[in-house]
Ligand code: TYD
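One chain comes next, on its own, written as structure tokens: the form predicted alone.
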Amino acid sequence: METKRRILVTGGCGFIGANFIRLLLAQKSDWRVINLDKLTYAGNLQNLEGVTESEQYRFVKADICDADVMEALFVEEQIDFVVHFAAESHVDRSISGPAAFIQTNIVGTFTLLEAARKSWLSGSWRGNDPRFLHVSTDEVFGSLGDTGMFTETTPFDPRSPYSASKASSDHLVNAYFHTYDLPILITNCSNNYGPYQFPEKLIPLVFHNSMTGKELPIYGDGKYVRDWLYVKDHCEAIVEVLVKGKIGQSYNIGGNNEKQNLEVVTLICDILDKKTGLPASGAPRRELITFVKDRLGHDRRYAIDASFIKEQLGWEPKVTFEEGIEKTVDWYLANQDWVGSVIDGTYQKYYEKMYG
């Protein structure tokens, strides 16, 4: 079969990246997918268990900050699409250790942009019309009050080292479009949830703690608002932007599901009580909720206006939060071995098992 596209997916062993690769392999049988991941703590090859090396798929363990490796890979594989997920992404970690966020999110993005520029804008390029899609976050826009929504023209106002590093990488990607005419696209998404999410994030953390009888810590008063986006909806939106999006354009991707953190936590508790019965204590899991000291620089509310992508590309989310959280809880219940391997760290040995 003729390969129509050769796509480099960075961070493809992470939560969203792995879901995206699974979607591509299911829907794009004539695309070759090169999954590049450094396999830091959040990169888990088990997220792609069952996906084997083939003419359609290749895994490369490498650091996006390694310019020589990136440039060689573009030449070797004749990459013509890039979907750039690879990033340090946890706000709490960025507060306690910002250096890794600067290195990966800014320097790493710069290194990839340079590799793409040298490959695609050289006189020797003979491949398909290339595209570089940078996956970013709504956190670059800062915090909202009780009303209003982020649009594609909302000024950047990042409040944490994480969001500042992502805002910086967004600016870099835009600069390469305006300066070099590099064919870029940017997406800014709201909070994702679904299968394979690392258990430092709210929803899988609540699941794990609820199942093991641990406290459920909630920052401040629990009334911080996020717009929740089911990961498969997000991945489908990225494919639409990649294939149909206008070069140089940013697209906001949201789930139309604004929820307070406390609402999310209590809903998961109630679903687990219903599906698995009350814990040994006999008390509803809601009683595990504990309010803790607020996070530094905690943004009060995020909300995405996703009307532009609907108008331009016809995409809108399919999964309601209630449907998505039910699917997510069912997945975690059915995959507790995966959860356990991530909690105890044994997932990191999976690479050795697969590649020696």
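Each residue number is its position in the shown sequence, starting from 1. Everything quoted here is computed from the prediction, not taken from an experiment.
Below, we turn to the form predicted in complex with the named molecule, even though it does not appear here.
S.K.: Taking the named molecule in the predicted complex as the reference, which of 249, 261, 78, 154 has a non-hydrogen atom within 4.5 Å?
M.R.: Here the answer is residue option 261.
S.K.: Of 219, 110, 177, 120, which residue is found within 4.5 angstroms of the named molecule in the predicted complex when only non-hydrogen atoms are counted?
M.R.: In short, 219.
S.K.: Only one of 143-151, 121-129, 221-229, 266-274 gets a heavy atom within 4.5 Å of the named molecule in the predicted complex; which is it?
M.R.: Flagged stretch: 221-229.
S.K.: Mark residue 201 yes when one of its heavy atoms lies within 4.5 Å of a heavy atom of the named molecule in the predicted complex, and no otherwise.
M.R.: Yes, residue 201 lies within 4.5 Å of the named molecule in the predicted complex.
S.K.: Are any of the heavy atoms in residue 139 no more than 4.5 Å from a heavy atom of the named molecule in the predicted complex?
M.R.: Result yes; residue 139 sits at the interface with the named molecule in the predicted complex.
S.K.: Do residue 94 and the named molecule share at least one heavy atom pair within 4.5 Å in the predicted complex?
M.R.: Looking in the predicted complex, residue contacts with the named molecule do not include residue 94, since no heavy atom lies within 4.5 Å.
S.K.: Answer yes if any heavy atom of residue 205 is within 4.5 Å of a heavy atom of the named molecule in the predicted complex; otherwise answer no.
M.R.: Result yes; residue 205 sits at the interface with the named molecule in the predicted complex.
S.K.: Would the named molecule be touched by all three of 191, 298 and 302 in the predicted complex, meaning a heavy atom each within 4.5 Å?
M.R.: So, yes: the whole triplet contacts the named molecule.
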